[in-house]
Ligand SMILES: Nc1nc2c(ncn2[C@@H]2O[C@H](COP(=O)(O)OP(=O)(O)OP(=O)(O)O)[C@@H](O)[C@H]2O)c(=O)[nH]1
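This document starts with one chain, in the form predicted on its own, laid out as structure tokens.
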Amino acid sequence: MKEIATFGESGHTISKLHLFDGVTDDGVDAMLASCTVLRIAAEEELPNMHGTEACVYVVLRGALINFLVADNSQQRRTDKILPGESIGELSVLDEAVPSNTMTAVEETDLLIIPSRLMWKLIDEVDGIARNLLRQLSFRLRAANAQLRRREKVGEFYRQLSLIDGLTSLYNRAWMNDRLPNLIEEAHAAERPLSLIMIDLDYFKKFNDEYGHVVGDNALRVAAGVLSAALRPSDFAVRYGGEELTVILPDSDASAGKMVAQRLCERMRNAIVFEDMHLPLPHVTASFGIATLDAHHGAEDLITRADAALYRAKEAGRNQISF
């Protein structure tokens, strides 16, 4: 890194610099003439060359990569800063030295405009303030677009974290988060809500006999039975292991029993081994139904459905209880 010349000696003009686009004031060249032109080598980092004074860095030749330092001290790469473009304007406006790290992509020449001179140019030269606002507007739009993309990606991964990878049903974390809200909505609207706890019968024995790969396929088949039989407004959850849960908004006890019976029948007729056409009775399911009352919440509803499930298993499994 070295100072190779002043701007007046460098042979460059303002005509290709975005900050001076459309500026015809002959005095600008004179005002910039004594500004330093700095040359930095490829992959060399550019430190603050002017102590505590903020500067605008204008790329005359080459390119920079701007790294923004996040709160966790990790660096995030942004777009290249190409010839004619500049960086550091915000630091001049708010009188703060940037924490950004700038690195040369290739050998790069930079015009350095100190804060005091930048303000003089803004105050005295027509068009510079307009160009500055335009550049900041473009950057703000780009930053907003990037933020929206990150929000979408973040939401995608958040949703992904609430889906069970094996069955594609919602997982228990989703249920813990969503069920209290569904219950609160049901209470507020004075609407019924039912919950079905489901346990695949003797599933450990099934895994031991056929192996975990086939057991995983049986879980996927069971999940498919639920998904195919429910309304769009209902929710199917893998509660854990071989336990599944169905949440039925706007469904009273009678509707909950009817849905559970339908699921029980479809489950026992589902095909696990498509090549051998062995039916699912190897992993039939037991169902426990509970319906929300006016005075209880999610924990009580789950407890009562779990107790009903236990009664179905005690009665011989492959059946419903409430």
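Counting begins at 1, following the sequence as shown. These numbers were taken from a predicted model, which means no experiment stands behind them.
One more form of this protein should be noted, the form predicted together with the ligand, which is absent from this view; the next part is about it.
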| query | finding |
| --- | --- |
| Partner-contacting position among L121, L169, I81, L219 - heavy atom within 4.5 Å of the ligand in the model of the complex | L219 |
| Listed residue (N131, S115, N207, T103) with a non-hydrogen atom within 4.5 angstroms of the ligand in the model of the complex | N207 |
| Partner contact for G215 in the model of the complex: the ligand, 4.5 angstroms, heavy atom | yes |
| is_contact(D201, the ligand) in the model of the complex, heavy atom dist at most 4.5 Å | yes |
| Distance check, G241 to the ligand in the model of the complex, heavy atom within 4.5 Å | yes |
| Any non-hydrogen atom of H12 within 4.5 angstroms of the ligand in the model of the complex | no |
| Stretch in contact, per heavy atom within 4.5 angstroms of the ligand in the model of the complex, of 222-230, 207-215, 180-188, 247-255 | 207-215 |
